[in-house]
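Okay, so here's just one chain, in structure tokens, the form predicted alone.
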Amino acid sequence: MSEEEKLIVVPGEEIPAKEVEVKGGQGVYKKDDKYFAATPGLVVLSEEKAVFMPLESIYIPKPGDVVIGMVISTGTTYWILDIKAPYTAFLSYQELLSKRFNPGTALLSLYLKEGDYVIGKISSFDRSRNPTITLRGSDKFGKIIDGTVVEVKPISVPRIIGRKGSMLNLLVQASNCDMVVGMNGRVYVKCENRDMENVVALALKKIEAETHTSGLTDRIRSFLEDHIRGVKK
């Protein structure tokens, strides 16, 4: 075996290593002291161990995660949000409304309706109950009024943020846009104009498509320089 070898595996395929490190969530199971892929993934083999990086992933909520949810239903005192997870999330009216609210005389849909996006944080989740969302803790939390929400695979989120925030800083500084990355695979982008938002959206989709490749930061820097130059002409 060479010093480092890369291969693509499909579900059920054995990973030829005695030890496997999984990055980006789950995706590997063990049977009879052998490791097998549960999802399509990229395996980097070395003499010490194998590193498995899923090519697909499902977002599993964790308390403290910043997420971007979309309203899909309204109750009498809460909203139900789609957070791109196997579970929907609950948002209480008390998180959004500072004034007293009477569900007998007012409708929550006047404040948030189906299709609206909200930036918040997972406040509780233990798999026995659906997660709850809080809008407290940041001035960025709340209803999204303008800007663009870009959908990406949750597995791409760590690469969009980058090591110590490097990729996200590159995107923000190059575009001068406001951005919030939801751990559930939604990214909020607010720029001076829609053309710039489109450039950032294209850069995010490029990161998503090339998540497991090397040299990505330099390619994104060049991509932004070329496209932003065109927007500013």
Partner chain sequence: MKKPLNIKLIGEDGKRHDGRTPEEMRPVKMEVGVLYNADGSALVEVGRTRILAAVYGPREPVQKYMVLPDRAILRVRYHMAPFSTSDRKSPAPSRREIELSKVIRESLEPIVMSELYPRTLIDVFIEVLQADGGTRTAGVTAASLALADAGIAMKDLVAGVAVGKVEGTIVLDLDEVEDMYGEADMPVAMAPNLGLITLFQLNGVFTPEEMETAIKMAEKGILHLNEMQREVLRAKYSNVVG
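Only the largest set of C-alpha atoms that superpose within 1.5 Å between the two forms is called the rigid core. This one's a predicted model, so the numbers in the text were calculated from it and none came from an experiment. Numbering follows the first chain given and starts at 1.
Separately, the form predicted together with its partner chain exists; it is not shown, and the next lines address it.
Using a 4.5 angstroms threshold between heavy atoms, Ser175 stays clear of its partner chain in the predicted bound form. Shown alone here, Thr88 lies within 4.5 Å of its partner chain in the predicted bound form, counting heavy atoms only. Its partner chain is not shown here, and in the predicted bound form it never comes within 4.5 Å of any heavy atom of Ser222. When contacts are judged by a 4.5 Å heavy atom cut-off, Arg229 does not count as touching its partner chain in the predicted bound form. A heavy atom within 4.5 Å of its partner chain in the predicted bound form is found for exactly one of Leu202, Ile60, Leu170, Val66: Ile60. Exactly one of the stretches 162 to 170, 194 to 202, 179 to 187, 38 to 46 approaches its partner chain in the predicted bound form with heavy atoms within 4.5 Å, and it is 38 to 46.
Counting a residue when any of its non-hydrogen atoms is within 4.5 Å of its partner chain in the predicted bound form, the hits in 115 to 142 run Phe125, Asp126, Arg127, Ser128, Arg129, Asn130. Put the two forms on the same core and the Cα of Pro40 is off by 2 Å or more between the shown form and the other one. Relative to the superposed core, Glu13 shifts its CA atom by 2 Å or more between the shown form and the other one.
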